[in-house]
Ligand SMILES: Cc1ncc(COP(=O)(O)O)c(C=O)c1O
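Here's a solo chain for you in structure tokens, the form predicted alone.
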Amino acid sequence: MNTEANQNTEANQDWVARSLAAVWHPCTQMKHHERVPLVPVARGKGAWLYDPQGNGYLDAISSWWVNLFGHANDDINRALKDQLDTLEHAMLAGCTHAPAVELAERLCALTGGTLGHAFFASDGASAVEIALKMSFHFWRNRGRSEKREFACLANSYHGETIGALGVTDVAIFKDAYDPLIRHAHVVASPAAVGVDEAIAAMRALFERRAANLAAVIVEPLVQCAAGMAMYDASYFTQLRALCDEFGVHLIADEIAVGCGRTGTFFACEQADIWPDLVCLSKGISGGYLPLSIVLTRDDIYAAFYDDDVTRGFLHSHSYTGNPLACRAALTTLDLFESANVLAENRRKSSLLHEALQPLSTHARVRNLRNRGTIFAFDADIEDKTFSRRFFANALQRELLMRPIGTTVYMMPPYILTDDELRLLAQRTRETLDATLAEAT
């Protein structure tokens, strides 16, 4: 190894050691990094991330499902540089600016005008908190203050702030904080019991508690943190009808499944309905800046429109509607239009589906599945270390992947070439075989 390569290796090791000493990494048991590699990322381009030595890793999970059009995207970069020279930030309380107005208008248009009001926030959990508060406050303003309960699906995930944990049903995220949580009603998921049984369970809850229920919150089509659990769109169609019948708000958490992930821009489009509130985040800014948005109907907005300050929706954060984040989102929407992304995604999904077919007959693979650009399968193994070992083995094969337990999933950027899609399929199979071989 030459002197320059030695220096790069030493620099990497120093960088990683400093990070482990100073940075508390999210969703991580830090002690595991005694054995699991921490990846130093120096730069990104397209679908690839690179360490300081130039080693590349195909970002098969879009850096936690946010990076839709690749790293260092030329179009988004240009838009942000232009915006930076114009307006980097201004408070949205008592002020306004073009990027926020244009983004609200364009998102409204994508719902056919049904969801005509956009409330801006910073991240997915914040959007969920806003939607819950908005529903509760709506009913209070309408003289129905008894409607203060919420419902969610079994194994649902809606974020890790205290309010969002109340409608989350993933034990590892919420058990430690249980004494702080105001729990929602947990109802059977169609991904587990089928559409008919799940709708019957929700109807039974509504018949008992509708007078006290403000809203039900659901991840349309795919429960991502539950292991990419997928279900039919007819559930969401029937749930909309139930909510109308019993006077309960329907909140669609499209944070992970929106922005084209399931094949349509909004997942709920496949159910041919619109909810009362939609939560968007993750991919909406193209993976560049923290941004989330709650879209809602006119009647909800009207319940807050009053001379009385206390009837207003008094929620904020300092960077609400940040112009840079909104400009990134506007350029993301431009890319959807200019590149015919939804149609091209269908072609690429078919190609990846075909390339992954050898896994369908793999002796240790169960339930190979996909919805739009989300692909997943379950490894037939009982091993709590599987996800960490798979992650490490994937890095050796130039892939960045993070299984959920024994569920291996791919949620790649939309810009992968055909060759990169085939490479992803091939290397995933190789990584699986290597990880299973270690356990034998």
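Numbering starts at 1 and follows the sequence shown. Keep in mind the model is a prediction, meaning the values are calculated, not measured.
Omitted from view is the form predicted together with this ligand, to which the following refers.
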query	finding
Candidate from 190, 159, 283, 321 lying within 4.5 Å of this ligand in the predicted bound form - any heavy atom	159
In the predicted bound form, the one of 48, 409, 65, 69 near this ligand [non-hydrogen atom within 4.5 angstroms]	65
4.5 Å heavy atom contact, residue 269 and this ligand in the predicted bound form	no
4.5 Å heavy atom contact, residue 75 and this ligand in the predicted bound form	no
Interface membership of residue 197, this ligand in the predicted bound form, 4.5 Å heavy atom rule	no
Non-hydrogen atom contact residue 123 with this ligand in the predicted bound form at 4.5 angstroms	yes
Stretch in contact, per heavy atom within 4.5 angstroms of this ligand in the predicted bound form, of 111-119, 248-256, 135-143, 363-371	248-256
